[in-house]
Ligand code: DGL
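In the form predicted alone, a lone chain appears below as structure tokens.
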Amino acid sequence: MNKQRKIGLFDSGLGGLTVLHALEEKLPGVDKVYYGDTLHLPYGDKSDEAIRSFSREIVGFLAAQGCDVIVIACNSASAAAGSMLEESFPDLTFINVIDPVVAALAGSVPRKTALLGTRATVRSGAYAKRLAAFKVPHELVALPTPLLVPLIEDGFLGSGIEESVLEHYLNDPSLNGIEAIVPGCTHYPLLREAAAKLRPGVDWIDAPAIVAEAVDSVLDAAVDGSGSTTYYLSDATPSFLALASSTFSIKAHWEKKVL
């Protein structure tokens, strides 16, 4: 019997839905609860203390909903709060969005790789530290890209503005000669097409799919059928609801839950 039948995910907003989408494709039979902390977005500009406080409250809520596998569907929260959450909730199984991607990088051919992330993720040095533990000769260059999350959350995907901003970041001299890009924020997979146009031939790491594989690996057995997904927001803004519908075709009811 599969003892872990309900997955909880959280992020500060829209980005975590890229991970949820990958999980829906990989594990459609497992029940899921998604919490978007839109009241406090973006996490990438918050202090580590604030991120830990928000994360602790959300995980407590998800556990109360019966979730026993928690996906920290946010790079900033994974870096700032991952260890604290594991210590605070020892009965839960945690999957963050950094470790599976780092493991995939370590198992690939060494190359120069760009990590695009929020200020909090880049400040933490989490990717470089964890990659160094594998002792592989990858060159990882981390670049803070703080304008990208607001552009996505404000509905500028497809406007061309996001391409201009992304090109500005990709033109940073430190990224000369990159062969791959890691989207170090769960919002950034939505920029995959723009990146392919701007840097053809540069490999885009499919982080949500890698994380979904990691979640699948901790489940006891395959689950057949169709699972349900419940959605919560700390602030149900019209712009977020419109983007969730237009970008991810999510037309389900979002319940407002301030923690």
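All residue numbers are counted from 1 along the displayed sequence. All figures in this text were calculated on a predicted structure; none of them were measured in a lab.
One more form of this protein exists, namely the form predicted together with the ligand; it is left out here, but the text below deals with it.
- With a 4.5 Å cutoff on heavy atoms, residue 36 does not count as touching the ligand in the predicted bound form; it lies far away.
- In the predicted bound form, at least one heavy atom of residue 41 sits within 4.5 Å of a heavy atom of the ligand.
- A residue is said to contact a partner when one of its heavy atoms sits within 4.5 Å of a partner heavy atom; residue 126 fails this definition for the ligand in the predicted bound form, lying far away.
- Looking at residue 149, you'd find a heavy atom of it within 4.5 angstroms of the ligand in the predicted bound form.
- With the ligand omitted here, the record of contacts in the predicted bound form names 75-83 of 88-96, 75-83, 156-164, 172-180, defined by a heavy atom within 4.5 Å.
- Residues from 101-131 that approach the ligand in the predicted bound form with a non-hydrogen atom closer than or equal to 4.5 Å are 118, 121, in the order they occur in the chain.
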